[in-house]
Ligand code: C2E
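Before any questions on how it binds or moves, here is one chain, the form predicted on its own, in structure tokens.
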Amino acid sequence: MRPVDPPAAMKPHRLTLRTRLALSFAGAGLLVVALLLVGHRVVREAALQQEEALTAQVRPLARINRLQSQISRIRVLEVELPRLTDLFAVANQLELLEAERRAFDRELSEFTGELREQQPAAAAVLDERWRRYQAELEGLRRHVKAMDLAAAQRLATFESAERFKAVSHTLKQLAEGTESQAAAALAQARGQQGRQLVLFLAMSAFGLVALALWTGLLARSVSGRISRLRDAAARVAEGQGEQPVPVSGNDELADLGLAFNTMQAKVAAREKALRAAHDELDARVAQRTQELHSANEQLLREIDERRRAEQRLAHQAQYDSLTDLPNRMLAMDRLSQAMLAAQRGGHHVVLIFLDLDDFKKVNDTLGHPAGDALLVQAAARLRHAVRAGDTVARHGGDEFLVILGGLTAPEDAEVIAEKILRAFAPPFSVGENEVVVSPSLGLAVYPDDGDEGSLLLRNADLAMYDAKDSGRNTFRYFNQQVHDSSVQRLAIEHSLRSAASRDEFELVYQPLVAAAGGQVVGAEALLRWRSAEHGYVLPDHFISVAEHTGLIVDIGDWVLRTACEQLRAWHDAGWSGLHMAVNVSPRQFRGDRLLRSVRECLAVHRFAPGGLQVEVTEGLLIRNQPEVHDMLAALSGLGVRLAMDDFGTGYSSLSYLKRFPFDAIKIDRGFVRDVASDPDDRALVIAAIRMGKGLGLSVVAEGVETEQQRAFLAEQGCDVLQGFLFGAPLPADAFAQRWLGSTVRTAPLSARTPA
């Protein structure tokens, strides 16, 4: 029989079991999704906080470390500067110190500008201490420029040291504060991560407990209904009900049984879906865990990158960027270590100071890139020429240092020095060119030549200059003679700087005599120095110092102006046919000062064309030929006569005579001296005279001391003679009385003092 539907009044108005189950599982799914989103956000925010904390602190710390390295380099340069004695080394050291100071000042300005927003007081203190240290550096620079090395040493050792320590201490405090802030920020980020993780776990636990409670309540409800249905079915089956419940057919119990079976199937399906959702949750949690692990690995790779960056910075601070050799700072540290080891073992240490001869020519002719390539090759040759345990370093420019330790005797270094010389014998391949560059080596021995690194360096430098003076491409040990020569050179240089203000310079004049008639046609102005400290100083002793220091430019300008003023006086006295010969240094050809001085002299004294003769050596013509050619052409255009001095001592004199606008040549005294007895010299002089005549040049012979020399030169057609046969160089008054007569006026006293 068919079941009868209950009356409408008896139908429940609550939600059906199916609807309630659907809502329950939907809520569970939403809870799982919410937990996953929250977990993702927690992990992501924690990683970002740690990254921001590290990034915000690493950059300032790196800048502080860079500033600390720069101020340390400035201090090293400052301390070593007063110990240098060579003027070029002092100048180079001053330029390097100034470059380091400017670089540090720029970097510090940028750093304190950013620091002032967060720590204005610390920024103000750092700026003030750096300003005071700069003032000490300026004082040191003034003392060194004045060659007051003792005052500079005191300033660098005492006053300046405190200023340096103040700046360095401030940077150290900032670095420590930055590190503390970085550690605190990292700890805070990690604490925040831990709290967020605890919160996430608590929320997850709460959600899962709530889900379990809801599931338990729902299961209890279903179980009760099933139990009631089972009891009802059992009672119906057992016939305990008031009315029997049909179990077959299409009655209400059958419908209820079918409904029960349907509900049971749906519950099974929901349970399966729940297990699938749980498995998906486990998979997502595992995925997020892997992402967190990857983020941690990324952080570790960034702490590694920082360490590698610090290592790169340390390498840059201690190694030369071009040759990758140890720089001067690292070399001096290794020299100190070698000296300590030698002191313990009773051995010797030899410091080799190496300078490349004529390296400037490579830069001037082939360019700086070619010079850099040559330096790299030179560094490689040095590495192969020394022992495995020796140190090869770049001192700066074209200068290198070699530290030889563990030597039984100082003479053991000669084998390595000779090996270095042989290594530089083959030409260098620079692009499409082959260049031959030889080295000059100076050797200083520990402990014989000094017990400090700076002293050994200075003495090796002096020995290197002795090697250059000995012909280059050789080596010399430091000895007392080298030291005495250096001291004497410094003393002469010191006195030479004040010689002009003391009115110690004077000009003497040697007559230029016509070979045919014997009359005086001119004079050559020669510089003499009567020092209040050293007495009469030979030109060979002070001219080279003046050339080396650059003082020759001012001295040469004074010689030119004084000689021209004297010639004007002689012209006014009636000897208008005379001309004045003035020697010019190659240094005077740098810039346009020489040309301006000649123009002023010609404008003031109004010489006739050819009244002034400028004499240059062939050595000048080898360097910077376009610049020299333009200068000589400009002088010739002013009407100045040009003469090549010491003709015949070079290798390309004929080509230079054709290329440059010379008016005369002066045959070197070395060929004239033996012209009466040496057939070779006689043939060379004859060839020089004929060549000069063939080119339309006037020929002057220097060093004429005998009548036989005069007669031979006159017979060969030489135009002008000069030498002690006619007279020694004389002051202007004596020259006028001897050669021009007593009525000739000389230049006023004001013309004898350099400007």
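All of these numbers come straight from a predicted model, not from anything done at the bench. Residue numbers run from 1 along the displayed sequence.
Form predicted together with the ligand: not shown, discussed below.
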- Task: Tell me, please, which stretch of 373-381, 551-559, 457-465, 442-450 lies within 4.5 angstroms of the ligand in the predicted complex when heavy atoms are compared?
- Result: 551-559
- Distance check, residue 718 to the ligand in the predicted complex, heavy atom within 4.5 Å: no
- Task: Look up in the predicted complex whether residue 60 has a non-hydrogen atom within 4.5 angstroms of the ligand, and give yes or no.
- Result: no
- Message: Taking the ligand as it sits in the predicted complex, is residue 432 near enough to touch it, meaning that at least one heavy atom pair lies within 4.5 angstroms?
- Response: no
- Item | Contact of residue 524 with the ligand in the predicted complex (heavy atom, 4.5 Å) | yes
- Query: Quick one: of 299, 281, 543, 151, which gets a non-hydrogen atom within 4.5 angstroms of the ligand in the predicted complex?
  - Reply: 543
- Message: Looking at 504, 646, 355, 320 here, can you tell me which has any non-hydrogen atom within 4.5 angstroms of the ligand in the predicted complex?
- Response: 646
- Query: Using a 4.5 Å cut-off on heavy atoms, which residues of 584-604 contact the ligand in the predicted complex?
  - Reply: 584, 585
